[in-house]
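A single chain, nothing else alongside it, follows as structure tokens in the form predicted alone.
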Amino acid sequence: MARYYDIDDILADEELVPAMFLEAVNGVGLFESNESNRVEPRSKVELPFWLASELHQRQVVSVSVPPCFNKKTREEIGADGAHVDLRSRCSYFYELGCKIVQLIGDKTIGSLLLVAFQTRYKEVLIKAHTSASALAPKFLSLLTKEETKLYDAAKSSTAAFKTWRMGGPRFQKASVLGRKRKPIDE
């Protein structure tokens, strides 16, 4: 709730997470085929994170680790994290990871997020500073929303630096260097 008007935070809360109902619940309406709108205990469903979080706090559901943080993803990030397609797994990989860690308490997700960001951060900045515009669409399709923002910021800072560098004199003489000191003996 810290960033109530942030559209990216709202969309990150819409990511689906697996949950299992611990007790029977009436009037939920999760299943279209179920006319009674009743969910039985031990029913496994995918809920938006915001709903799963609220129900978990009320001890109605237990939330498990989302598929985007599974063993296969961990192995791929460990092997070559810079070229893993995280966007297809979860558009808000880092934000959801930070939120889900607080909810389920799996400490390994935090280290996964750190390793993923460290390996991908360098690649994002290198591509933003050096890549031709023809290579950008293929690379951008692999990035999460957070990484896309980082890429855009790096690209615009590179353009601003080039404009600054070409616009004015390359070297300026400091005003302190123009003055001569008085000898101490006089």
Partner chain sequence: MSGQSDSRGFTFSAAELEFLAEDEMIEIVPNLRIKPLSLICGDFGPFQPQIPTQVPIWLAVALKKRGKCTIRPPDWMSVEKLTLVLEAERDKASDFEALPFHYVEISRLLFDHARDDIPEVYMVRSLIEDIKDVRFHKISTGLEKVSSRTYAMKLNLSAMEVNVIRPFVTGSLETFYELGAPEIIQESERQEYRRPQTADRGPRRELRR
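Numbering follows the first chain given and starts at 1. Source: prediction; values computed, not measured.
The discussion below concerns the form predicted together with its partner chain, not included here.
Contact check for G110: a heavy atom falls within 4.5 Å of its partner chain in the predicted complex. Put simply, Q102 is close to its partner chain in the predicted complex: some heavy atom of it is within 4.5 Å.
Although the partner is absent here, V60 lies well away from its partner chain in the predicted complex, with no heavy atom inside 4.5 Å.
Within this chain, W50 is remote from the site of its partner chain in the predicted complex, having no heavy atom within 4.5 Å.
The putative spot formed by K44, F69 and S88 is not touched by its partner chain in the predicted complex; no residue has a non-hydrogen atom within 4.5 angstroms of it. Counting a residue when any of its non-hydrogen atoms is within 4.5 Å of its partner chain in the predicted complex, the hits in 90 to 122 run Y94, E95, C98, V101, Q102, K107, G110, S111, L113, L114, V115, F117, Q118, Y121, K122.
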